[in-house]
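The chain below stands alone and is given in structure tokens; this is the form predicted on its own.
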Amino acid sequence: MAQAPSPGPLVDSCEDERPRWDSKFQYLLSCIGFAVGLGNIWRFPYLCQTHGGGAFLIPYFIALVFEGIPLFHIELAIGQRLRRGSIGVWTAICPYLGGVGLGCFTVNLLVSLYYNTVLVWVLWYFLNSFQYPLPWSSCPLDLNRTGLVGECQGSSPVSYFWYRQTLNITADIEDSGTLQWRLVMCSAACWAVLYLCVIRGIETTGKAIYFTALFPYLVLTIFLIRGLTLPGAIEGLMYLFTPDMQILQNPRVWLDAATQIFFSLSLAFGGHIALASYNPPRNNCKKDAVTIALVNSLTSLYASITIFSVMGFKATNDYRQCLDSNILSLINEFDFPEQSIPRDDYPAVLMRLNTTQPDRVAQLPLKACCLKDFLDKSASGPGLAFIVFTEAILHMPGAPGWAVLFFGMLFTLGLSSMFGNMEGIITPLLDVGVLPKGVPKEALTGLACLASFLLATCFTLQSGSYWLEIFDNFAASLNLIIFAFLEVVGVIYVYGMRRFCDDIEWMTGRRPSLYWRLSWWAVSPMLLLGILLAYIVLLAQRPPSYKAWSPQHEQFPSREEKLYPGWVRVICMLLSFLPLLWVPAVALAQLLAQHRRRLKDTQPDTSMKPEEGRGC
């Protein structure tokens, strides 16, 4: 029997005291909880719908096989091998790449600020779901209590509750408005809950993850069973998965598929590196990477089926209401007996009246009723959760109970993702020794949560949703793509393919196959480079803009396209490039430090050995 290669110089014997997961299942749940997030619920179904239904799955799974899983394997492997956070990992691989770890840490921090704000909105809706009737089911009375609020009547109760009673949004990003104290209090509650869950690292998150990772699957299953029994569910599923193969000729479809895989697996955040660092050194990280990635993608499909079964019900209900409104207009105008026009007979009756009495029909306020048009009105992101799906729940018997389940699911789903984000922040800080000796880890965790809460108060302003959109668009996308590219280059070309394969063979007992080596060596870097170039081209095609809400419009809410003012564009550029500056800054600092060491060295012996544990 061939002897397994001995541990390389990257194993730190001092890491025996590092905490470990209670079980392999606990670790897998933590990684799944980190990867499976809100994007699986409100991003993937939208992409399937807008990019050819079932046809979108073709580029999606191609990107999963040749981009997502290989990169994911790298992160789990280096975290498990080096048993450090992102900063320590990249400093150990090569001191000149230490900026990659700092950059991932910075992006993780920025993302955590706005991601937790989404949980603030979810918590607010969750608390309001314990009312009957639901507060977004009807328009409130005006200040004089003589009628309903006109702004609400001009839109809908669901939109009014979201844009006015929750966000109280301003008409322009330059108008910051005031703090919304209900959101500030919800933000404090969210960060307090998160602190209690991550207070002792994996010792506490490992226990909480059993609930936060599994509860969303239970709720999705309940919604799926209920959704499939609702009228219109089949139409919603057919609309979602009917393939349009011609749309695959659009390069944007392939770009969206690649980026969805990238962000859905939470690559280059550093969180998976931190979670894997608590594994025993000898663990099959290859099997873990494939398992977690497949579970994540299958969860997206499962959520899509659930979401669009309910959305089909909503569209069918809206379609029937549209028909009933038109039928009532015909009955009143032409003195038909009540309920004398069935919905199925409406097209024939309308055609006959258009032929015999076209002038009278033309004067009626008839609406264009088409089921496909109502199915087209789905949305992505917060619009799906807080407007479209929330309105669909109103039409379900026992609406408050379904609202409690839905927003409870979203909260636990986001909370489990935040566990990984916080591990990506706390673990690197502990590894680099920022905590003074004798100070407990709980103090660092509390300080991080408190600082994050204070920084995140900008998202609780009336203009907060505009700033959240800026952070979402500019803080992560470009940075993470570049950091992922540097990860592949750093591990495969700097640390070395042979050494990395030796480490994997020592950890798993098997050497990586040709698929893994070819993906790491050429396919994944080329895909990442292509995504980066396509993303830069899209950014260069139009100046950064946003959709502002216009309360002066006769029908609220009405979105108006506006360009960001100059000072906001500067902030957008800082968010896009500031984390990247860590890479040249750290490399330059290492060069200067090496130069100073050479100047201080007055010995003639120049046979200096490389520092142990360094990859370059």
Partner chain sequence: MLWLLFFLVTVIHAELCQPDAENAFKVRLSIRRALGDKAYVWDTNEESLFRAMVAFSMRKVPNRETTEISHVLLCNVTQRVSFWFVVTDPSKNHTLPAVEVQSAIRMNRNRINNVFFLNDQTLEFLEIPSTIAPPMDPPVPIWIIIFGVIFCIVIVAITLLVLSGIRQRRRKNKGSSEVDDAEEKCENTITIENGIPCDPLDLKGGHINDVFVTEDERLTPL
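The shown structure was predicted, so the numbers you read here are calculated from the model rather than taken from an experiment. Residue numbers count along the first chain shown, from 1.
Heads up, the form predicted together with its partner chain isn't pictured, but that's what we're talking about next.
Next item on the list: Select, from the options 137-145, 268-276, 382-390, 287-295, the stretch whose residues sit within 4.5 angstroms of its partner chain in the model of the complex by heavy atom distance.
Entry: That would be 137-145.
Margin query: Since the partner isn't included here, can you check whether its partner chain sits close to all of 185, 189 and 336 in the model of the complex (heavy atom within 4.5 Å for each)?
Written below: Per the other structure, all of 185, 189 and 336 touch its partner chain.
Notebook entry, point to check: Quick one: does residue 193 come within 4.5 Å of its partner chain in the model of the complex, counting heavy atoms only?
Noted result: Result yes; residue 193 sits at the interface with its partner chain in the model of the complex.
Note to self: Please determine whether residue 130 contacts its partner chain in the model of the complex, using a 4.5 Å cut-off between heavy atoms.
What the structure shows: Contact with its partner chain, yes.
Margin query: If we define contact as a non-hydrogen atom of the residue within 4.5 angstroms of the partner, is residue 440 a contact of its partner chain in the model of the complex?
Written below: Within the cut-off, so yes.
Margin query: Considering non-hydrogen atoms and a 4.5 Å limit, does its partner chain approach residue 200 in the model of the complex?
Written below: Because a heavy atom of residue 200 falls inside 4.5 Å of its partner chain in the model of the complex, the answer is yes.
Checklist line | Partner-contacting position among 124, 516, 402, 239 - heavy atom within 4.5 Å of its partner chain in the model of the complex | finding: Filtering the options by heavy-atom distance leaves 124.
Notebook entry, point to check: Exactly one of 364, 245, 331, 225 has a non-hydrogen atom within 4.5 Å of its partner chain in the model of the complex; which residue is it?
Noted result: Filtering the options by heavy-atom distance leaves 331.
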